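Coming up is one lone chain in structure tokens, specifically the form predicted alone.
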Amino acid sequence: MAILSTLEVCLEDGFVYAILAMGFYITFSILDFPDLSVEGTVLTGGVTCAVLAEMGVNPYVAMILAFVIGCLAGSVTGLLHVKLGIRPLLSGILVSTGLITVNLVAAVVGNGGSFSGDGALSNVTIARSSPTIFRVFPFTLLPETVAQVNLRKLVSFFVIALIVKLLLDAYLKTKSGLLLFATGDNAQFTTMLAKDPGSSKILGLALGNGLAALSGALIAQSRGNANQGMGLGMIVIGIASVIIGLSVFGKLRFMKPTTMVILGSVIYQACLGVASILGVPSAYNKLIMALLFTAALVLSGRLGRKKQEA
């Protein structure tokens, strides 16, 4: 039973964080932009969804609004870099820092937040009577649990991750999506096509952060709350999932990169699950995450060198 429960958690978290990882695939892999604003936008998406859920807003509408707000935050990161010439890392840090206040204000305005003595966001709770994707059509057609597995939650996360993957695949085939690849590979080539590479960067960062916020909205619904710790470690999870997926499955030409990223996210969560089964205390999770990320970077570097030699 312990193994079955761990497998369930690995799959649930894998599908949720796969949406975050697909956002990192756009910014980190396609645009080669180290975006640090994600830690803020994940929490923003969670707070937005939690506050709207407490207001009785349809969860799908709440998730769309969380995505839009995440896109706006990502656009600010892009504008700081493209228009003001601020370095990528600093642009992300500035936006992530500014979002701390935005999240606090959103929690207060929505009457769903409590504050600790130092003014930090403590918790924005989603009540059991509030609407979430698990309590509305069409996922209510599924039984909530089967063999002690929360089937409804697992299927809903899988379906949403699949929808996001299909939509992202379709977008990347469009002219705008192809310009993202061109901008990431060679910005001068994009300029030669009479297109502005800066606009492509802003759009890519908007999409990446929008997906991060959407992932945060799902995390909030899964946990039943949004808190300040939600965004911590998201950069490591996202980038590691991308690197693991593209490194392990990169030779399978029939598989799309978005599929590789989803599998990479599941593998990453499975590694954490194995550590849990072996009895490693949860306090060591961040260290394990850092070690997995290091291993993914080393693996990626070696595969990259082999490709160059070939």
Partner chain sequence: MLELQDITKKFMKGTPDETTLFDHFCFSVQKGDFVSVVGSNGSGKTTMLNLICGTYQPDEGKVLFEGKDISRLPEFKRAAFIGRVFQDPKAGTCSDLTILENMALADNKNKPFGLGRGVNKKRMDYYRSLLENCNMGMENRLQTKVGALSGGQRQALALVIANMTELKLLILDEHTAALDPKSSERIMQLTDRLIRESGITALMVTHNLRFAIEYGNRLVMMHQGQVVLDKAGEDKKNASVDDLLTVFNSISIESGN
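Residue numbers count along the first chain shown, from 1. Model, not experiment: these values are computed from the prediction.
Not on display, but discussed next: the form predicted in complex with its partner chain.
Of the residues S75, S176, N123, N150, just one reaches its partner chain in the predicted bound form with a heavy atom at 4.5 Å or closer; this is S176. None of I163, L193, L232, L90 but one reaches within 4.5 angstroms of its partner chain in the predicted bound form through a heavy atom, and that residue is L193. Its partner chain is not drawn, but in the predicted bound form it has a heavy atom within 4.5 Å of D185. Contact check for F139: every heavy atom lies farther than 4.5 Å from its partner chain in the predicted bound form. Although the partner is absent here, F134 is not a contact residue: none of its heavy atoms lies within 4.5 angstroms of its partner chain in the predicted bound form. Of the heavy atoms in F181, some are within 4.5 Å of its partner chain in the predicted bound form. Look at 67-75, 165-173, 151-159, 93-101: in the predicted bound form, residues with non-hydrogen atoms within 4.5 angstroms of its partner chain sit in 165-173.
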